[in-house]
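Below you will find one chain, with nothing else, as structure tokens; this is the form predicted on its own, and questions on how it binds or moves follow later.
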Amino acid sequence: MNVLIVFAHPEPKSLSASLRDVAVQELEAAGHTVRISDLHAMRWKSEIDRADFPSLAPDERLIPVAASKHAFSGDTLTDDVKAEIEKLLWADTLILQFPLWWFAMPAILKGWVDRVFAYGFAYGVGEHSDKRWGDRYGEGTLVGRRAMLVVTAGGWEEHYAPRGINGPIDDLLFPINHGILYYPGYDVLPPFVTYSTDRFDDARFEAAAESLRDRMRTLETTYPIPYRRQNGGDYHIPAMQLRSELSEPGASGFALHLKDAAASS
């Protein structure tokens, strides 16, 4: 299996980097091929601007969606973006690894998504009609591949529990798992999250490392998060509203977009 790790932490001696090394060692020991996009080491340019679209005329208005579509279809994306797209097409599994900063991924990783998930590649694909609304949410360019998050969080695990002050971790990561990974077709695995990362000692590190090794050993067999497919009949098209008979009256929130896990398995 080919595994791409997109890593977003500025410190090579960080806990995140140490856990990344654990994952790589376990994957390679199992015979998998691993590539790493270390965004800080690569000095990745995170912001989208005119430099991303060399074919854009100097006096032409920059509309990022339209410019991305034109650049992808015309093969004029910048070389760094093309290289990352090639890695995504090479990889059977994508791992996004990052510290949770201000309840989200670091800006450099968000910028990687913004630039690499081009129109015509990760979105804007497929038929749009009264029967389908594009190839997305369970379909798309990256269908058949797996993806997961490896996250470090400074707060206590209890702070991210269902009644925790920070909000449930599954809700905080939903925009990434569902909106960035599931959207273009990935089967999204449950995230691996390490908490209280500023309170680690050797014993806690080894416990976390062994848990991560186990996740790497089961990367090919872990059951994905059971998200509903957009074009599978659960949603009214083109309104994209979940059918009322599939949820309790008045129910709302991210959990609506999960199938019953027992029925799915």
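Quick caveat: nothing in here was measured; it's all calculated off a predicted structure. Just count from 1 along the sequence shown to find any residue number.
Not pictured, yet referred to below: the form predicted in complex with another copy of the chain.
Annotation: in the predicted complex, residues V22, L27 and L258 none come within 4.5 Å of another copy of the chain through any heavy atom. Screening F192, Y195, F72, Y123 for any heavy atom within 4.5 Å of another copy of the chain in the predicted complex leaves a single hit, Y123.
Of the candidate stretches 217 to 225, 201 to 209, 27 to 35, 233 to 241, only 233 to 241 has residues with heavy atoms within 4.5 Å of another copy of the chain in the predicted complex. Using a 4.5 angstroms threshold between heavy atoms, L96 stays clear of another copy of the chain in the predicted complex. D92 falls outside the set of residues with a heavy atom inside 4.5 Å of another copy of the chain in the predicted complex. Of the heavy atoms in K82, none are within 4.5 Å of another copy of the chain in the predicted complex. Residue contact with another copy of the chain in the predicted complex: N166 places a heavy atom within 4.5 Å of it. If you take 78 to 117 and check each residue for a heavy atom within 4.5 Å of another copy of the chain in the predicted complex, you get W101, W102, F103, A104, M105, P106, A107, I108, K110, G111, V113, D114, F117, in sequence order.
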